[in-house]
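In the structure tokens that follow, a single protein chain appears in two forms: structure 1, then structure 2.
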Structure 1
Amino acid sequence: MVRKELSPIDVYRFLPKTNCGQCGEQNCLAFATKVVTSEARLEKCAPLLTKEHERARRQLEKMLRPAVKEVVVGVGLHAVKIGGKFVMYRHEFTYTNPTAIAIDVTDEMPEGELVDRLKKVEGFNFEFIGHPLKLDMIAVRSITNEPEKFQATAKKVVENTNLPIILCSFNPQVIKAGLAVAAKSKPLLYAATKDNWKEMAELALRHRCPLGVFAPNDLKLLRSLAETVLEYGIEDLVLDPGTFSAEGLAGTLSNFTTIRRSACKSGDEFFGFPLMGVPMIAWTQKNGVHEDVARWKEAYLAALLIVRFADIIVMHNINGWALLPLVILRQNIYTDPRKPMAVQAGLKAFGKPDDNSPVMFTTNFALTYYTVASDLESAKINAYLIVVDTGGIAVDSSVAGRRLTAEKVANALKASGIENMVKHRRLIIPGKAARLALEIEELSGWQVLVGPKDSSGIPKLLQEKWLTQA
């Protein structure tokens, strides 16, 4: 039974039915509902973890198993989970475990350049509508094919970052040398091929590491290799069907799509593993073109792979102009389509407002709130902002859908306690809520000043109207 087709009753049948509340829910049926929608995990049910309910727990684990297995790379707080997909398309259910973005380093890099690159990767941090956007992994690539050099590079990486690692070489002896210093980090070993699979599988088993399987543009061979290493005892795999740009781009996207469809729609267990793409292939096919062209090709190839089911991508460029659009794209794809992105409603203070400072309101749609907040902060405005709960809907849509009403604004004003914090009774409202102005005045007793439709116009409004009417 596919996860999205499960009902809470399907899960409830196997729960202890004690209604103990240890999971944080009122009863077992409420917990079952959260489990089906991926808002709660089975581990939260303490009675289910006992030996008495072991059989039921295993049955539930089987029922709830994703079409694409979840694989963990790394250890501790910095470990990265990849895969764990239940459906092919996000509108069917939701996506879990955002695409991990790895940046490469090589065993040819001087130590100073290597350490500086690691610091830049760890220092990449942007906030987008309240969510931190970061890079996830380091791919250590063997260029020299010399075990000693690779080991020294892997050692420097382990010493200078806590990010999960991918050890990259087709030479098992090189991977073995890297594991001598990085095994405790539980790296992803990349990659097993038709020529080296047995040696690579031995290393993965010995060190309990996930294993990448590589068969460029040959899905039949890739599936056969996956089946072979699974029978050998490996449990955690990552599949790489090859990444090609230019004339091979259409085939690359077709291969990724075919694998994911086979896993999610046909239940193919040998294709039910995370997918790995390598957009940095654009750098190996420069053919004399300018580096900026290679960066651009790598960036659009990465974007296509994120959209087309890649669970890990390996990149070379660390320029913000290329990476920032990618992490924002990833964030947008991996939000829950069932839930609007909302912030906590209530009173917010910007700068150091006093009893004469402006009072305004907006909705709790995350993008709207952070846009307004950014404009207030960049203009260094001292003001109070009341965030009205509209269920995470923007101003114009919530006005049209009656999620934002004059009554709701008046109630939010009263609940905020702002009347005890300022001497005046003047409220700036969004320009897109202008039609509510008179009714807000009648219900609240506050004088309403209609603001701009775009919050970037707030500084000008305050200069021209607020200060002149003070």
Structure 2
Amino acid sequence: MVRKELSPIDVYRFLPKTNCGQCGEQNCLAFATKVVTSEARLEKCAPLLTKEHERARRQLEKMLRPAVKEVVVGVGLHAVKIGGKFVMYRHEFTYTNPTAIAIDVTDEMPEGELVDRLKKVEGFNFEFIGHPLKLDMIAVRSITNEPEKFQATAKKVVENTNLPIILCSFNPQVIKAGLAVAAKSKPLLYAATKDNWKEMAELALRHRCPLGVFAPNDLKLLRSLAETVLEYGIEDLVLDPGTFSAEGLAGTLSNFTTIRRSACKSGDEFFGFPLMGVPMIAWTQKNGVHEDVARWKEAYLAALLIVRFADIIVMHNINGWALLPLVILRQNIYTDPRKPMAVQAGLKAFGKPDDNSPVMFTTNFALTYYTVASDLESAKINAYLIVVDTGGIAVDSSVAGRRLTAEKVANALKASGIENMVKHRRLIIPGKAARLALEIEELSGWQVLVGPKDSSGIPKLLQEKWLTQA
């Protein structure tokens, strides 16, 4: 909350002011500007890390501290950062560290199944407008409550994946056995409860691991536990107020919201930690229903938790149809709302277009543009694309909202200079702008060919209509 009111000057005051450029910026003020907007991290300032600037560094760290502490699980390249939130609402600043999705394995799984599952989790990937969307963690659950079995499973997990791990058991002996083989990978220990907190805190302290704290639907107890283990010397916590499905859904979201609100709006130090949700709960109440129904329920519980402040979620399903909407939702919620949704309008050439190449237009909504661009590129099409300024709104919405009109298209066509670049006068328009076809013809003098409603159909259209009617 304090953070978003910081100005670059507030940060600049504490920087070395040497303009050394080691951070990659022109000068210290430029660096300060990026630090304030979270585009650059303090650690990039090498002089600041020296003894001489220690006091200034501490001061800056305090100033820049997020309302929700950033906690790291795992080591090296695959470590995940969770929490680190500055604000309650994404429009106030931006959300940092997308919700980590953990998939469960158990100490009852046969080895083959376990290894296969780990492979699938690691291999999950969806390329979405240039971003790889992936799964992040493995939650190892002790079903048997037997330390040896849990240890054997944890060992196999560590041997077969680099993904960060959550060791899950309420029995400290079981967690201890897991740590004996997995401590090096800095797992999240789940969880300290009102009954076991001392043993769990001792383990977390000894192995320097972050510690989960669990108090189902009891915020007072959760806060007491958090304060207690902080007093104990633990620095990195993850809070789990319990995930309930069905009749408990409202209470669950209310608890998550209350905790995050206390952290962001009241600066509550005990609630200023990442939150963990467990959509997997949907599977425990399935009462013999079809697995797809459990997947579906787990997915919608996860969607609600991703929006309402969960920093880690534990899931059971690994089927793509149910996970895809979730990883896209996560991507959407965690994009930076300060970035414009528009790309630059104007003429773009794809491949090596000549004076016979097709001419088409789309809007300057970033997602629309990138979708069309990637379809043209992957089909290796030579064409001109005119990007019309609709204020960053997609085709259908901008037609409905009159941000995309025949007049705008005709003007953009004229301004692009395309008339001097091609011999023909035929314009392919998006199928969702079909209603503008006649008017565009009248205003521009170009012949209009109505394209597909989805740009994936462009290659087919070109094959069937562009050549034959030329």
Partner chain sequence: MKTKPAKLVEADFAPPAPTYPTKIVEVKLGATKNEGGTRGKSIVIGGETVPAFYGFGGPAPHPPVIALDVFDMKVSLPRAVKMHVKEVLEDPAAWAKLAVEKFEADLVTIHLVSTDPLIKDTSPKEAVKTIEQVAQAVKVPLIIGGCGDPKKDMDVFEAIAEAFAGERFLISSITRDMDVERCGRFIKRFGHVALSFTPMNMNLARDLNRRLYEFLPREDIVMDLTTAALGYGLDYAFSNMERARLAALAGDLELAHPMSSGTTNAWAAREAWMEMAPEWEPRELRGPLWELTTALALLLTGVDLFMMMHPAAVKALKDVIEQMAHGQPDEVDKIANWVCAKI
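Take the two forms, superpose them, and find the largest set of C-alpha atoms that agree within 1.5 Å; that set is the rigid core. Given the structure is predicted, the values throughout are model-derived calculations rather than measurements. Residue 1 is the first residue of structure 1, and the numbers go on in sequence order from there.
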In this pair the form predicted in complex with the partner chain turns out to be structure 2
For the two-part rigid-body motion between structure 1 and structure 2, are V115 and L203 assigned to a common part?
-> yes
Rounded to the whole degree, the smaller rigid unit turns between structure 1 and structure 2 by 42
Aligning on the rigid core, one finds that I458 shifts at its CA between structure 1 and structure 2, in Å, by 2.4
